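The chain below stands alone, shown as structure tokens; this is the form predicted on its own.
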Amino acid sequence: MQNKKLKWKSDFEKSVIIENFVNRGWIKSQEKEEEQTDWNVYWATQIINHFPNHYELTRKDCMVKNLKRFKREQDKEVLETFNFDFLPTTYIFPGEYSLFVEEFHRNPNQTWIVKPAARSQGKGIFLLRKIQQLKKISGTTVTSNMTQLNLASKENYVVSRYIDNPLLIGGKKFDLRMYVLVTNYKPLKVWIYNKGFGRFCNEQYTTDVAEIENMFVHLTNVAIQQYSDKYSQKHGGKYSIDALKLYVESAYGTDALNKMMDDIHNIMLTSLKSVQAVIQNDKHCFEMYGYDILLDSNLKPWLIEINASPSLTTTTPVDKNLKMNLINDVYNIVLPNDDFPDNDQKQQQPTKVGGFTLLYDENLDPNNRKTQKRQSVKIWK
């Protein structure tokens, strides 16, 4: 079957997107203002590559809210079907401020991390050891008896227990950026990409209170780390998932690596299930998520956040190659043979396409995981 010459349009001038279009022989749309539909593929903010209310999972406060709600629902089930032990104790401000104060007094030596709910790239994040530090939120006041928090803006914040025992390599903290593709929510169909990378801090990790404001120690965001004097243009502070897996296997054993990956897969599936009932499913939409996972010193993975628009900016040739292949493989699943698949074609898709492997297909799960006990489900793979 000869590939069709699809027309494309993009709101983003990112080389990994544009070059994939060009490499496929697709034609750039030349639409004029009065011709609003002269395109087949549109890489846009709200069209094609996003579900309409994707923020239910990718806004930090919405993610926490939906995971907590889903856990309450699952707690009513007779059988335990999901493991939720991957989200650090988290409160949404201002609504849950009083609950946070109670927890703060119960654990006065705990460090907390404060994040704006709707910002990215590490903006506005800080670590907290004293409640009065909340004044760092511009214009915010805290009453003397700490019973009330007055946020100057309408912006929500999430405050989570800081994981202060991260797994270190070379004495430095890192997290994992992993890619997950959802092609349908009802029924749920999930793909996981076999490539990704660890994002490393430039400074040696320490719990010294004197370094609590040193974000080069605590935040792995490349947007933060690139301003460090120790930042390397050669590798960009990124190391491949494959290399990190090899390190874990050699240091802790194959069984430990397999358990770690099973736990990560559980995070992905449980988080997606938590919003399945609220996401507005649309057969024209797909979502490529960037999952940020932190490993602690016991190889336990923790969910940090989920990105709706994971960065496609490339910092090194290796980084560009990874993201070029990633986007190419996304299109090979979403638009096989450069055409829009019907339902029968979707059902007949292979379980592996390029670097993507089918992680979960609800159509193949006879119980839809509502009554079966949680285990390392082979159907995921």
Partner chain sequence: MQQLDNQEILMKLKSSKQFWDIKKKIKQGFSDQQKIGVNDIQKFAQSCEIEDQLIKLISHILKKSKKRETLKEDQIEFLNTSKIKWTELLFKNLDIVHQKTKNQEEDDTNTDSKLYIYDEKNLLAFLQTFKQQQSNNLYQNVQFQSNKILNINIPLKSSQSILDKYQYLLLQEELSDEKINKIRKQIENEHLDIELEKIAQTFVPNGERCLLYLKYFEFDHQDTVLQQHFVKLQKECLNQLFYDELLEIDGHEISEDTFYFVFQEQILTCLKCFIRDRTIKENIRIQLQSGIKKEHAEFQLPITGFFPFKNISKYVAPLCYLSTKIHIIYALFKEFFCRYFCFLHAISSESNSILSLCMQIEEIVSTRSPKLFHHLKVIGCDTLKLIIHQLVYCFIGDMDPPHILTIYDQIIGHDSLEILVILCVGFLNKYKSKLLLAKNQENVQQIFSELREDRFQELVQYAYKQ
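Numbering follows the first chain given and starts at 1. Given the structure is predicted, the values throughout are model-derived calculations rather than measurements.
What comes next is about the form predicted in complex with the partner chain, which is not displayed.
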Quiz prompt | Close approach of Y239 to the partner chain in the predicted bound form, 4.5 Å, heavy atom | solution = yes
ask   = Any of the heavy atoms of H235 lying within 4.5 Å of the partner chain in the predicted bound form?
value = yes
Q. Though only this chain appears here, would F82 touch the partner chain in the predicted bound form if you measure heavy atom gaps against 4.5 Å?
A. no
Subject >> Contact test in the predicted bound form: Q226 vs the partner chain, heavy atoms, 4.5 Å >> reply: no
Looking at the partner chain in the predicted bound form, do all three of K172, Q204 and A251 come within 4.5 Å of it through at least one heavy atom? yes
Given 280 to 288, 251 to 259, 303 to 311, 213 to 221, the stretch touching the partner chain in the predicted bound form at heavy atoms within 4.5 Å is 251 to 259
From I125, A243, I131, A118: within 4.5 Å of the partner chain in the predicted bound form by heavy atoms is A243
Answer key, the partner chain contact in the predicted bound form at 4.5 Å (heavy atoms) among F86, F200, Y193, Y185: the residue is F200
